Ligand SMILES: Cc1ncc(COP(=O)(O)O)c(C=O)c1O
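Only one chain is included here, represented as structure tokens and corresponding to the form predicted alone.
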């Protein structure tokens, strides 16, 4: 039987940019994970802040190089999709990279207020307001428009939304329209519930916007749920969207921007392959070709990358509490946490993350199932993105094995209900932030302790 290290070496190109093993212990972006475990214990969430800036700069590089290569006459603007992670330390790091913001709810506007107060943004920052809007969200958008955020762009999601802004915004303002894209062929519905249907947009513009002195249509927006993929479906929807842009541009000279949403994928396996550079070039090339064919100027391009921005900065580390052989062949490693509460994408969407042991790489390996602490039968992990199995090192009674799920930085806290009530009252793990100082030395600090019983009881109404 081979060592676990041999299994990884023969299966993947290893070490990678992010992962390497030194003295039998895993390092993640240069961080010695065993040192963190010894300092903070498990379960442990960590955020490596420099990765956020690295991903933003990569996307900017891909799109700007494509613009230069193809002599594209429009600009590129990077907006961060806040719903991927609303934490202050994420926004603070992201905003050091000259980016802009996309919002989803009224409470996002409260974050905008705070960022402005802390001088992390100014009133020239683009605030792209998406989503189907409840009354409070409409009110808050009008408030920041009236306060001077001249690049706040409400994206109309339905035909009645505009009336509120016309009635409550004091000066003229820019706006966008979200187009209701078709869903992937195997989806339950033909057309997205979000946005305004293609066949209604031109007439809506003529009836409600064209001659209205209060508003200008500046942006057309769409989003594909499957993300940016080199597939016939993606290119077909992008082309359809751009033909609609060209149709509108011919009667709406103020229209000068398109927002193609987010969708750059993140690595969910050491075998992950995706040509970001190629996809950026193809997007720019397709947009330019369609505009030239229709004899209209090319638009400025906005993206709203969320998972791509923050996903690969995160990791969640556990220890194996015990191993249980439940029949002749099903061996369970019971971990000190829960997928349902800590990584709900695993349970709810069958998502996969990179999973690797932190220590014991020289031990032999075997097939295992990983079990969470809750009583729910779905609280388990039994396959990886590249294979329908899980292999981890063999452990004896005197050894404690630590292992991690990597690139868990997007959505998990918000979907799991950070700071609230967890299934079976399994507490949220402690959260550690890792950064580099001015001299490039690693620094770490505890952002949040493990959730306490007192916090849960207070939420539940106990005195």
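Positions refer to the first chain, counted from 1. Every value quoted in this text rests on a predicted model; they were computed, and no experiment measured them.
Keep in mind that the form predicted together with the ligand is missing from the display, and what follows is about it.
Trainee: Please tell me whether any heavy atom belonging to residue 263 falls inside 4.5 Å of a heavy atom of the ligand, as the geometry stands in the model of the complex.
Mentor: Yes, residue 263 lies within 4.5 Å of the ligand in the model of the complex.
Trainee: Wondering, does residue 304 line up within 4.5 Å of the ligand in the model of the complex on heavy atoms?
Mentor: Residue 304: contacts the ligand in the model of the complex.
Trainee: Would you check, heavy atoms only and a 4.5 Å threshold, whether residue 130 touches the ligand in the model of the complex?
Mentor: Because a heavy atom of residue 130 falls inside 4.5 Å of the ligand in the model of the complex, the answer is yes.
Trainee: Is residue 223 close to the ligand in the model of the complex, meaning a heavy atom pair under 4.5 Å apart or at it?
Mentor: Judged by the heavy-atom cut-off of 4.5 Å, residue 223 is in contact with the ligand in the model of the complex.
Trainee: Within 4.5 Å, heavy atoms only, which of 178, 140, 342, 249 is in contact with the ligand in the model of the complex?
Mentor: Filtering the options by heavy-atom distance leaves 178.
Trainee: Under a 4.5 angstroms heavy atom criterion, identify the one residue in 81, 280, 94, 217 near the ligand in the model of the complex.
Mentor: In short, 81.
Trainee: Which single stretch, out of 119-127, 234-242, 323-331, 306-314, brings residue heavy atoms within 4.5 Å of the ligand in the model of the complex?
Mentor: Stretch 306-314 is the one.
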